[in-house]
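First, one chain by itself: the form predicted on its own, in structure tokens.
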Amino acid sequence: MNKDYDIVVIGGGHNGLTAATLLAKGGKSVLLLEKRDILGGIAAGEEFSPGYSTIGLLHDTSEVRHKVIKELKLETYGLSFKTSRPLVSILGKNKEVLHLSSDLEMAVSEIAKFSQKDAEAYREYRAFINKISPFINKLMDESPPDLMNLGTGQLWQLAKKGIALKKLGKKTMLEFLKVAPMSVADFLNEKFETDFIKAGIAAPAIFGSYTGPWSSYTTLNLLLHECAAQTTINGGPESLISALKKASEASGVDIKTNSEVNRILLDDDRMVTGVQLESGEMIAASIVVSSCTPRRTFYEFLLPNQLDFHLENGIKNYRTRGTTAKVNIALNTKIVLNGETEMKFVRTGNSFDEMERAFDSVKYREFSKEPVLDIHLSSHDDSEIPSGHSVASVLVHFAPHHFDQGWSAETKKELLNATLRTLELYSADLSNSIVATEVLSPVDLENRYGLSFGHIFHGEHAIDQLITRPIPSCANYKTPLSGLYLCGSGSHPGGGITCMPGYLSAKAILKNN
């Protein structure tokens, strides 16, 4: 064995860095291991063609929690942010562009250009979100109750959540209980009349999920996003990772890149003793914290005979059906979408029927020929790309990991063409400006980032996989294997760039050790 550590953290993404920093600040000696040569995981910006870089696999930092930024003092390490959601532009096929601002009056004014009724409905919609946000955010920003060991403390924790729900007031509480199980299509159809506006608002409810707008409980996913989205990180994910790296190093975390873990080591009593790297090097530690997916943690880092039936069966049935691909496009000009250029975050969808048809393709193990797109646009002003040029970083929904034709150079070219055809509905001369492209299928995402079955959130955001995430016996970050903890997006409160799984896991470890 080489140098011993109190704790080894596997994975240098935003959750791994958050957990490692908090643990080191708590007085533990911590080693963070990252298999790639760069930190950041799905938040890492990377060059995909000479001179052109993408902002990262995921680009939405609106759900990064303020308490994480404050407790880790990330502003000290160069992070700057606004306490408001970024402006999102919603596109319609008839050349419509709606700029949805976090400023309510600006948003209402924009929507009124298309429908006065929808403008007033949006004011009521945001009022409802504001009322339930304290309850929702408190629920998602606390460790879940330990349902496997219900004692007086756990029962009291559950009772307090019930009391908090009741404090919303009878009208708001009943409305929340009514709408949470609804499909997002039913929910928004009750409020709005303009198809492309409804589709644009609803889009986060189905991004990355094996669901369409008519699927049950997608309203809950929308509400969780709307309540949590309160931040704009200046510089995007790369700035967040840079600050987290500096905070980790300042706290005393040892960071090793190009260090892929081969095995989590256990003794005869199934207690953690350290890790073994692919190089053969062994590192001793009594606690190992994995920010990798649950499937990867238990199936790749442990031997089959180290898992009991209930644990193995639970992870086997934890749903992880990837439905998202990534297409990066370098252009020799600023991209023009529906006649406008100054946009950063852009969504398509047009109508619930079109979104549902896109999802239908996944059910039959095909990719959608008219995908739903979530786009981030970069220019020379905010990225290191040639002056006057731009990069479109496109999350393409719906493209399944389990694809009957199989992902190959040919089928990825077909996906690229489907993506470009969809973009050309809003930018007719797009193809003439393309310098380079990169297509990452769900299988590529699995291979590059270790995302089981290419799922960008480490597992589906379904009602049964949120509070007891990933499974009841691992829902509080501690696993049935003594000394092994989870801190990735497969843990509560779920995926996206939030830093909360890493934060809450570290808090739980420090409390118990």
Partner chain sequence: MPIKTPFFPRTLALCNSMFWKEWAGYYAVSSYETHHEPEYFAFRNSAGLLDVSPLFKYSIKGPDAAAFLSRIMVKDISKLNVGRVSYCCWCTDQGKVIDDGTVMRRAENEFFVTSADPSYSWFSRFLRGYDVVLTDVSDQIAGLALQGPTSREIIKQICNADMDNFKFFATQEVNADGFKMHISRTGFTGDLGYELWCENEHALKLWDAIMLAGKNYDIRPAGLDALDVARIEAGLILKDVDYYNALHALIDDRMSTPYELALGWTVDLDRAPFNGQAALKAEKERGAQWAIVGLDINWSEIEALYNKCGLPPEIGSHSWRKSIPIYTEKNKLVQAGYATSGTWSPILKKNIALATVEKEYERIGSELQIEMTVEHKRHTVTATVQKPQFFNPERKTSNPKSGQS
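Positions refer to the first chain, counted from 1. What you see is a predicted model; the values in this text were computed from it and never measured.
Another form exists, predicted together with the partner chain; not displayed. Remarks below refer to it.
Heavy atoms within 4.5 Å of the partner chain in the model of the complex are found in one stretch of 413 to 421, 308 to 316, 242 to 250, 122 to 130, which is 308 to 316. When contacts are judged by a 4.5 Å heavy atom cut-off, P304 counts as touching the partner chain in the model of the complex. Put simply, D404 is far from the partner chain in the model of the complex: not one heavy atom of it is within 4.5 Å. Among residues of the shown chain, F135 is not one whose heavy atoms approach the partner chain to within 4.5 Å in the model of the complex. Although the partner is absent from this view, Y299 contacts the partner chain in the model of the complex, with a non-hydrogen atom inside 4.5 angstroms. With the partner omitted from this view, the residue of K191, H99, R270, K256 that lies near the partner chain in the model of the complex is R270 [heavy atom within 4.5 Å].
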